[in-house]
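In the form predicted on its own, a lone chain appears below as C-alpha cells.
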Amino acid sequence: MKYPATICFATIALLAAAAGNATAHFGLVLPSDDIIAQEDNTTITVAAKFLHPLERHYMEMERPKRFGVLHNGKTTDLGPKLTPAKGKSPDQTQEFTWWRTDYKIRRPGDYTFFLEPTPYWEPAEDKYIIHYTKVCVNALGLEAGWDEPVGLPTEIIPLTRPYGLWTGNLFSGQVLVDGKPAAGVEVEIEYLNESPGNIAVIQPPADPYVTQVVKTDANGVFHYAMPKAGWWGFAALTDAPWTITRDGAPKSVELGAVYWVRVRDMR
C-alpha cells in the first residue's frame, strides 16, 4: 500500500521529534563545595535535583526514597532532613521541585553523599528511570574513603580520586551492577551548565555535543578527560531485570549509576 508523501513526511517528523525529546536524564547530588579546609565553615548545603544538565531542563522530583552519607565505613540516613524547594528554569517557563539539606561536617575524611530517588515515569520513553547518584566531599585534610562502595544496586566506584581535579584530568571509574563489574555499559557524560563560576552558558553546536558517551571495558572500567572547569556527571545506564506496573501494564526500568565530580582551572 502506498501512502501520501505528506503522511510519510509527517511520520518522519514525529519520529525525529520523539528522538529529540529523549535527552539524557541525570540525577544530581550537588554540595556547596567538594573540599572543606580547616579554615572553612564546615556546614555545607547539599541539593538534590533531576535534570538534563547541559540543556538546563529540570524535572519534577518527588521525595527521594533514600538519602544518606557514607563516612569512615558508617552510613547515616539523612532522608528525614531533606526539605523541598521550588525552582524555575532559566527562561522562567518551568517550575520544578528539588530537595536540600544542610550538613555539619565534624570529623576529617571523605563523605560520600548518595541518593535513591522515587522512580520517575518518562512518557516519552515509555519507561521508569531510577538513578542512584553519588558525590564525594573531602574534609579537613584527611583523604580516606573516596573509593568505598555504598552498596547500591548499581554504582560507580571512582578509580581516580574524585576531588582536587584540574581541567583536562582523566577521570576513571568502575561500574558495578549488583556488586559485580559491568562490561560494555554505556556511560553518558554531561557538563552541569549551572556550575559555579560558569559565566557563559555553553551552547553546543550540534546535538551530539550535548551528551558525551563512552563504554566500559571487560572489567567495567571507563575513562574521560574533562575539558572545562565545573561539575561533570557520569551516568552508567543498564536495564533492570524487573518491571514496574503502570495502568495494568508492566513497564521497563532504566537504572543509572551516577557520579559527580568537580574540576577547576589551573591558574
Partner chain sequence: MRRLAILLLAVLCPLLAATNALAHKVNIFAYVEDGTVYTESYFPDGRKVQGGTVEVYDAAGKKLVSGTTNENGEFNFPLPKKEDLTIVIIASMGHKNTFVLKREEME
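Positions refer to the first chain, counted from 1. Just so we're clear, the structure is a prediction, and the values are computed from it rather than from any experiment.
We do not show the form predicted together with its partner chain, though everything after this point is about it.
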Given that the partner is absent here, state which listed stretch (193-201, 94-102, 134-142, 80-88) has heavy atoms within 4.5 Å of its partner chain in the predicted bound form. 134-142
Is there a heavy atom of Lys180 no more than 4.5 Å from a heavy atom of its partner chain in the predicted bound form? no
Contact of Gln38 with its partner chain in the predicted bound form (heavy atom, 4.5 Å): yes
Taking its partner chain as it sits in the predicted bound form, is Pro108 in contact with it (heavy atom to heavy atom, 4.5 Å or less)? yes
